[in-house]
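Quick setup: one chain, the form predicted alone, written in structure tokens, and binding and motion questions come after.
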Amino acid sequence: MAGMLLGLLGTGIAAAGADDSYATTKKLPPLHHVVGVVLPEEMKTPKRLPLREDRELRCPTCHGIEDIDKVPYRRIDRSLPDFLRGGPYDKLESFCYECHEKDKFKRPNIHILLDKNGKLREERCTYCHEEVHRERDQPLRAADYKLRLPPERLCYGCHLKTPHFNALEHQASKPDARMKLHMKDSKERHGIILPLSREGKVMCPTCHAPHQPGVIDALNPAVGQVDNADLETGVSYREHPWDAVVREDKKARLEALSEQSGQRFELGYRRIDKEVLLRLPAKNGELCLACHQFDE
């Protein structure tokens, strides 16, 4: 939803022509919300976002700048509080939800693959798989997974390449012979899998289990994972005494960054309490030790 505004907020507009206003060109910036559409009666909008009598959405519906449709894009001052009516907004999505229902735009957690009765939510399987494997007690060969993309790329359809510390460094690494022997021992010892990409590199599924407990047959090593948290809740944290130390250490640098950027930053420290979708616990280092050996 926020992407609808990115074109207007981006720096690319500065390169536009001298008279490139919407009134002149009838062209909107890339990814901009459409205008000239009539909103249905059931769509409720706040009074501060005025529509035409026929409920048509116009430029002044969202923007408080006078005659903004006649202003060349490069001259629009996007820092004005009323650039978006009721602004400024910390998150663009907050403005979108003035009209759109937030719950309808929530991305589903596709890793929650079982309903309350333990039945497979097959429509979520097909986010990653081309076909649904209904005989879950029957093992599959890798060629039968019918993944929509190679496993080393599949997760990027929803997740960032760098969702956590050292993620990128891990994905570029290729275990050597010594590490592979240690990984083989760890897999046998813990009854898990630590799959590598076709090129023999670490990938997201090496450490992360994509299926929630109960989806894969319990005798299959691929089922092995931590199981101490609710997927609806996700990873949870607990307070730790180091928080005060970290905050004091970062205080001066964050204040300087806030002054430069005009935004407020806060950084503290908490310990992981419960984990989800990991082959082994990471909070105590057990997952790391499945691959790494640290000489005494």
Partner chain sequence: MARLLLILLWAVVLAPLVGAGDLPDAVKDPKWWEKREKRTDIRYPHNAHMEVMDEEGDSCMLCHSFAPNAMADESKLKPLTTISNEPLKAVCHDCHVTEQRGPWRCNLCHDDKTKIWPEDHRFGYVDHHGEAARRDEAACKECHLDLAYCTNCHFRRDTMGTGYHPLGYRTLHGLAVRVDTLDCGRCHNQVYCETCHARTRFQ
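Between two forms, the rigid core is the largest collection of C-alphas that superpose within 1.5 Å. Here the structure is a predicted model, which means the values were calculated and not measured. Numbering follows the first chain given and starts at 1.
One more form of this protein exists, namely the form predicted in complex with its partner chain; it is left out here, but the text below deals with it.
Heavy atoms of residue 257 reach within 4.5 Å of its partner chain in the predicted complex, making it an interface residue.
Although the partner is absent here, residue 267 sits close enough that one of its heavy atoms falls within 4.5 Å of its partner chain in the predicted complex. At a distance threshold of 4.5 angstroms between non-hydrogen atoms, residue 274 is out of contact with its partner chain in the predicted complex. The closest heavy atom approach of residue 23 to its partner chain in the predicted complex falls outside 4.5 Å. Stretch 158-166 is the contacting one of 68-76, 116-124, 158-166, 189-197, since its residues have non-hydrogen atoms within 4.5 Å of its partner chain in the predicted complex. Residue-level contacts in the predicted complex: of 33, 55, 27, 250, one residue has a heavy atom within 4.5 Å of its partner chain, and it is 250. This chain is displayed alone, yet in the predicted complex one of 102, 91, 107, 184 has a heavy atom within 4.5 Å of its partner chain; that residue is 91.
Contact annotation for 259-290: residues with any non-hydrogen atom within 4.5 angstroms of its partner chain in the predicted complex are 261, 263, 265, 267, 269, 271, 272, 282, 283, 284, 285, 288, 289, listed in sequence order.
After superposition on the rigid core, displacement of the C-alpha of residue 249 between the shown form and the other one amounts to 2 Å or more.
In a rigid-core overlay of the protein, residue 261 has its C-alpha displaced by at least 2 Å between the shown form and the other one. Comparing the forms between the shown form and the other one on their rigid core, the Cα displacement of residue 92 reaches 2 Å or more.
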